[in-house]
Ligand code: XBP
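Have a look below at one chain only, the form predicted alone, in structure tokens format.
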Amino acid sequence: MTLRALLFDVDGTLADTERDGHRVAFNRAFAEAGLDWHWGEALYGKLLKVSGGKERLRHYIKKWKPRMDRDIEPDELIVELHQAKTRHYLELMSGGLIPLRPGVERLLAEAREEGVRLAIATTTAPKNVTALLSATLGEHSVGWFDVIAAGDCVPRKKPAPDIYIRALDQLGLGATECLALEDSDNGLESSLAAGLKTLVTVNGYTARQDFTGAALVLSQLGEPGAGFEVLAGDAGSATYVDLAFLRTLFARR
């Protein structure tokens, strides 16, 4: 079977956006709303077990029961906070402070040059995807992706397979023709449930998670002269991920 498309998660996979992007934006939204909530790095790591910003807020309110000095229904507050958080996140992205992870830009360029299609499958909002791509690769880069499946376009967030199934449907391809790139256990569970072979590159929040079922688990995609560390699986003699390596990985039984 020929590798015809790469499906990328966004947060933590394309860039380390969680700690210094989404978390900071949430805290700014809380302060703006007059709430004394604060998501430190350790707490945010726990909250990342829940996919989706609005879902994360709802989980926080239910489990930690923070004080709310405002006369507003929780569902209404969640929508308001998430809208503010997205605005603050877009402002952070426009500053160009969060780069792509090593190897991402090079791999995207190789795929385009060799006719391998690109898609995104993420629980983050479409505006966040566009902001990241525009800030790191230029506004034209949004057009590199045949499909951007993002946010609330499906009823269930990861670890449900819905977002990957939607991306595959829009690509018009089967799971056996594509490879997914993820960074978290929730993302891996989602991609595997959609039938996709999956490469995982971990980050600080996900390094200790269970990635059973992944084709390979790496520290990063790497670059020539600054390679990856293999955390699980067999990378052979490769030291960084390029398209030729992904084709070899894809062809394995």
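Since the model is a prediction, treat every value here as computed from it, not as a measurement. Numbers follow the displayed sequence, beginning with 1.
Heads up, the form predicted in complex with xylulose-1,5-bisphosphate (XBP) isn't pictured, but that's what we're talking about next.
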One stretch from 138 to 146, 99 to 107, 172 to 180, 123 to 131 that, in the model of the complex, holds residues within 4.5 Å of xylulose-1,5-bisphosphate (XBP) by heavy atom: 123 to 131
Candidate site D11, G52 and H82: all three near xylulose-1,5-bisphosphate (XBP) in the model of the complex by heavy atom within 4.5 Å: yes
Contact test in the model of the complex: Y44 vs xylulose-1,5-bisphosphate (XBP), heavy atoms, 4.5 Å: yes
xylulose-1,5-bisphosphate (XBP) contact in the model of the complex: K197, any heavy atom under 4.5 Å: no
